[in-house]
Ligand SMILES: C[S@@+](CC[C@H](N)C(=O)[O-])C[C@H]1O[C@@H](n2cnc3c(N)ncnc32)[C@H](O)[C@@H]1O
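Coming up is one lone chain in structure tokens, specifically the form predicted alone.
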């Protein structure tokens, strides 16, 4: 028996006026219950109850069948015990907390990765490295084509915020075709992102619903990743606290007919490839205890980027958002990818935090600003 583990709990029940009837009750109790569940022993002016587990319904039957003061005391004593576990028809009293421990824990931990929507994935657990030609680079071009040049399973973390319009014409009269084309192109790039992501790697996508067109973009993207057998790690609310919806478009003013709902936050959807656990050396974890405690509570209050005019970019996320995602979901030395890198927020923060990076964007002017931003950051 393990040290500190008791096979039975021992309960002393005093006898106020000992009599031969008490011994009879003890004998009847021992006949009624198996010794490996419970048994009693008479000692002078008390009886000792050795209790491991008990069918409480059967205890009630015992008291009804063998009415005596001692039988009633036994019942009341056991009934007062509130610390127990349930197993089948029995209450477990001895080592009841141990009964709560998950049996075959290691096997069940392995099965956690076999979440029902991700069953049947064909991800290979062997990881590779990004070729040196793509390490710490800003590349201008089509992300789908550039990513095809990378080997499988070579990127540790992808953090990105896809634009609502990357090289597509928006025709008001043809919304259905526009959005179908948009998601077709987006998912073609994400297909490559999944391929190059390491086994156990993470992809975090900053996105908000398109409220004007009633398109729940965050749900559509999440559903795509689930269909591709990625594991949902979580959803972060980026609270911007900017109330950018202070205008008169209230929808059905003062009516439940069709109110326009207003949001002050965006989402970061986080998915994993193959495993919820990422391999890495703990000494390369650079998140502090205070950061960890604050950031795993996934409502992040971060002010929006204020320098969009300076960089001539209409939709930048702040460096603090990238910093939290990168520190929470990657180790120092990991490889970070942003396939919609814009003016380089993800890659600048990745370099600052000691990660390798690759930023891709189709707009040449944004790539030039991203490169300059890296140079400026190195010189400060």
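Numbering follows the first chain given and starts at 1. Here the structure is a predicted model, which is why all the values come from computation and not from measurement.
In what follows, reference is made to the form predicted together with this ligand, a form of this protein that is not presented.
Trainee: Counting any non-hydrogen atom inside 4.5 Å, which residue from 207, 237, 189, 78 sits next to this ligand in the predicted complex?
Mentor: Partner contact (heavy atom, 4.5 Å) among the options: 189.
Trainee: Please determine whether each residue of 161, 315 and 362 possesses a non-hydrogen atom within 4.5 angstroms of this ligand in the predicted complex.
Mentor: Yes: 161, 315 and 362 each sit within 4.5 Å of this ligand in the predicted complex.
Trainee: Where does this ligand sit in the predicted complex: which of 339 to 347, 22 to 30, 36 to 44, 49 to 57, heavy atoms within 4.5 Å?
Mentor: Selected range: 339 to 347.
Trainee: Taking heavy atoms and a 4.5 Å cut-off, does residue 142 contact this ligand in the predicted complex?
Mentor: Because a heavy atom of residue 142 falls inside 4.5 Å of this ligand in the predicted complex, the answer is yes.
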